[in-house]
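Presented as structure tokens, the chain that follows is alone, the form predicted on its own.
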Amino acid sequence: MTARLAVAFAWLAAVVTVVFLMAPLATVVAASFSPSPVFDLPLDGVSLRWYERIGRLDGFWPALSLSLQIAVLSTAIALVIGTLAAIAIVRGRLPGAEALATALVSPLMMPGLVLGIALLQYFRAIGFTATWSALVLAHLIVTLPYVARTMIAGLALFDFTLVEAARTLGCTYAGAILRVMVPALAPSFLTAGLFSFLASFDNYPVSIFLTDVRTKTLPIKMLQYIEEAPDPTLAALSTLILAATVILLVASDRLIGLHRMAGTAE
């Protein structure tokens, strides 16, 4: 009887969690099709006027381009640095490896606003005023923990004797890494890359302190727009971002499988 109650409560908690997660998303999607210029539910009809208006938003394309550039570049750099750091921690037998691993993920333990203020003060103290470069460095700090933690977990299960076997067959160390380790750790790379890209593209609390009038990322531009002209255009834009995220997940599932990305493959 107790076991059945525990299972029932577990299912109830799961259903409540899904409802609370999906209800806000469903509301945003529904509002994006509203014919009314205000957020009005239930809908009196269906209109695509707000989707047509997205491309005409003032400063939308530069903000989108900037967010994509920073997200792609910071993710690529984080994948390289985070993987090398993970190899050093797992394989290098470094003194204080656990402390180093904790330091790599420490930005996740710090509130974004605190991290943003700290970076702003530090960049000002050293006279670093390049906005674009400052955003890349800040987003690298934000994305690196996702890569490091994911790759440490992936490398802990990897058999490094495969690399040594490839080297005995004539591969260089770098060639063995590319031919053996990279394909074997593809789920970890993909998981780390997806989390890093989304964390960078959607970042607001750190970016808000490092942007200027001419350089604004998409989340900051969206917040500015909703303060100036709150209409369902942002709901339409949010729906497109949500759809793109779902497409990324579906593509990842087709390529590798979400069960392997989650580390539950047998």
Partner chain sequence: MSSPDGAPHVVIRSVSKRYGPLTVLDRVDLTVARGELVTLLGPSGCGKTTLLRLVAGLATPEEGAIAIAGRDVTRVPPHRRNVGVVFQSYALFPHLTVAGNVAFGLAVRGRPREEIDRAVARTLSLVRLEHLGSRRVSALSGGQQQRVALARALAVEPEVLLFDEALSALDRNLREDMQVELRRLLREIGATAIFVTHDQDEALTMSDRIAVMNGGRIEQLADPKTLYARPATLFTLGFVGQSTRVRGTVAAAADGVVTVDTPVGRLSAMGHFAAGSPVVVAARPEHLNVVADAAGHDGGDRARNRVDGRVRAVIFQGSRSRIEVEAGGETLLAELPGRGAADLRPGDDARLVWPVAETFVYPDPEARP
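Since this is a predicted model, take the numbers as computed values, not measurements. Numbering follows the first chain given and starts at 1.
Form predicted in complex with its partner chain: not shown, discussed below.
For T168, a non-hydrogen atom is located within 4.5 Å of its partner chain in the model of the complex, even though that partner is not displayed. Put simply, P183 is close to its partner chain in the model of the complex: some heavy atom of it is within 4.5 Å. Taking the partner from elsewhere, A130 is found to have every heavy atom lying beyond 4.5 Å of its partner chain in the model of the complex. Contact annotation for S106: none of its heavy atoms lies within 4.5 Å of its partner chain in the model of the complex. A heavy atom within 4.5 Å of its partner chain in the model of the complex is found for one listed residue only; from A76, A156, A97, L162, this is L162.
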